[in-house]
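Next up is one chain by itself, shown in structure tokens, the form predicted on its own.
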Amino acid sequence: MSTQRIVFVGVGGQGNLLASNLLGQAALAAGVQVVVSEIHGMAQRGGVVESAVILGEATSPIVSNAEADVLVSFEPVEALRLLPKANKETLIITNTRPMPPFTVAIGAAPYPPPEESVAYLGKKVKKVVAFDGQALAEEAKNPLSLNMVMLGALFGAAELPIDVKTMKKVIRSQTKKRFAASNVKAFDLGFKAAAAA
């Protein structure tokens, strides 16, 4: 199997570390070699949180510039910020609902309209899958399940060596029982949105 480098990025509180850890567990369950690494920003204060999942043989847990096969962004501007990790062949999956960082919230920096960010990304890579993931999380009756929506979108848009059944089994067993059903529903909605894109 060829190595796949997947980078997750988001803002503290969006759950991208949980998404990357669940993907790592699903890879192990599927017998796929995996390395999961995390770069914590100011996770508690709406800072940037980045993680990487490398499927297959890896000599390093770090994804260098132009090495990402897939970039999963929970926030449109974060996709722009991590663009150097992408190359022309990279698949970018992004949530279009803004979660402006602290600097924007206090008026210290401008925030580009999401459609402009998506259009710019589309000029740099072969494929961009962009949709309002937060709306799907709300449709699943669990506003905190954006991470499951984005994980579902990853499975819907990319070819992974892990089957969907294994991934859902891990979601059910490794997330809080009271959210298990809505997490799986959020995953399914993300999968459908990406597969249709």
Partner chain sequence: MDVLLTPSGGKEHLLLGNEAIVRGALEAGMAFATCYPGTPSSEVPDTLYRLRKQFPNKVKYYFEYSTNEKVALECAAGAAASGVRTLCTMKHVGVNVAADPLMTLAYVGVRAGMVLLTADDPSLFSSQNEQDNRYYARLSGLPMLEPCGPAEAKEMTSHAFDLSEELGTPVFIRTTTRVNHAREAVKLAKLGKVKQKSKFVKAPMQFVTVPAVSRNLHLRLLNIHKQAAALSESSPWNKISGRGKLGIITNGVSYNYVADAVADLGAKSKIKIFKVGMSYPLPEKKLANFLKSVDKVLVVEELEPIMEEAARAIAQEKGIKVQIVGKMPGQIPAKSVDVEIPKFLSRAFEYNPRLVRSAIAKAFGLKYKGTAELKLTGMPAPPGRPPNLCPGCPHRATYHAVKEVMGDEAIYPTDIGCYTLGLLPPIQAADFLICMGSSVSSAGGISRATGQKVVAFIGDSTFFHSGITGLVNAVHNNHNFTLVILDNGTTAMTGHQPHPGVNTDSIGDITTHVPLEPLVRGLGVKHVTTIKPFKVRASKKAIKEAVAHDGVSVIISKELCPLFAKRVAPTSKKPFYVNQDKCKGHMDCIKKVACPAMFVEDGQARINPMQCIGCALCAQICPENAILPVKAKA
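Since the model is a prediction, treat every value here as computed from it, not as a measurement. Numbering follows the first chain given and starts at 1. Between two forms, the rigid core is the largest collection of C-alphas that superpose within 1.5 Å.
Below, we turn to the form predicted together with the partner chain, even though it does not appear here.
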Interface segment, criterion being heavy atoms within 4.5 Å of the partner chain in the predicted complex, picked from 158-166, 128-136, 145-153, 61-69: 61-69
Contact label in the predicted complex: A30 to the partner chain, heavy atom within 4.5 Å: no
Partner proximity in the predicted complex: N21 to the partner chain, non-hydrogen atom cutoff 4.5 Å: yes
Proximity of A86 to the partner chain in the predicted complex, heavy atoms at 4.5 Å: yes
Heavy atom of G122 within 4.5 Å of the partner chain in the predicted complex: no
Sequence-ordered residues of 71-87 touching the partner chain in the predicted complex, heavy atom within 4.5 Å: E75, V77, E78, L80, R81, L83, P84, A86, N87
Rigid core superposed: A119 CA moves 2 Å or more between the shown form and the other one: no
